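Below sits a lone chain in structure tokens, taken as the form predicted on its own.
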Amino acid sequence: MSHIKCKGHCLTCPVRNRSIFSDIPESTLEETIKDFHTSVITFESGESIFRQNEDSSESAYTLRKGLIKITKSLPDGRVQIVRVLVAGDLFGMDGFGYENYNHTATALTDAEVCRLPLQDLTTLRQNHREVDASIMSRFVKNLRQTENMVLELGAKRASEKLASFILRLSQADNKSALNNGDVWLSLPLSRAEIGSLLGLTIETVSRFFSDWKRKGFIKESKSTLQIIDAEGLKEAACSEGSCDE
């Protein structure tokens, strides 16, 4: 069950260098956010942080630890994964548009998030240009990720989609993963969930995973993934001489 772990302490936050307060100097951070009250909340794997159209969007969140999936539901019950969030990602910003949450956020692993009250965050945006600029950069980042996903779904081959996904996950999870065969990455998504995210069938995802394990590109063990041959995966992700970084 989710529970409040503690009050947020931005100066010691493990993802502060990737948070919306990353551009505020340490010498002035405490004074800048003295009236901004955050809470660190833990969620177990499978728990919802908020639900599409059901929960009012009174808070935004920063993911501190773990992985979270963002899903959209159709009236007939079908569900589509649209994003996988990693540490440092800001999400749940629908309240800035005075709307309920337009998607569901669910913990893929045990997760830790920092809850940011939107009313207080709005005041910070108005009084501190660097906070507003940082939030806007997150909006732009999310838009670009959506555009890239549309491109992948419409233009890339199945192998390119899957290889690009693995490489992005490894870079977000641990930047040393591509250069260190001893690093195991968390991969809590099922074959069906990966297929939902990338527009592939479960059979296609399973076939490529089996092929890449046979070729020595990757290893798998209990919801974790090890990249053995990053160059092989990069070649699989390349299209007409252009690779995702």
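So that there is no doubt, residue numbering starts at 1 and follows the sequence shown. All values reported here derive from a predicted model rather than from experimental measurement.
Although not depicted, the form predicted in complex with the DNA is the subject of the following passage.
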Exactly one residue in A133, A158, M149, V79 has a non-hydrogen atom within 4.5 Å of the DNA in the model of the complex; which is it? A158
Which of these residues, S39, S206, T32, S186, gets a heavy atom within 4.5 Å of the DNA in the model of the complex? S206
Among 64-72, 214-222, 22-30, 50-58, which stretch has residues with heavy atoms no more than 4.5 Å from the DNA in the model of the complex? 214-222
Give a yes or no for S190: in the model of the complex, does one of its heavy atoms lie within 4.5 Å of a heavy atom belonging to the DNA? yes
Residue-level question: is S45 within 4.5 Å of the DNA in the model of the complex, judged on heavy atoms? no
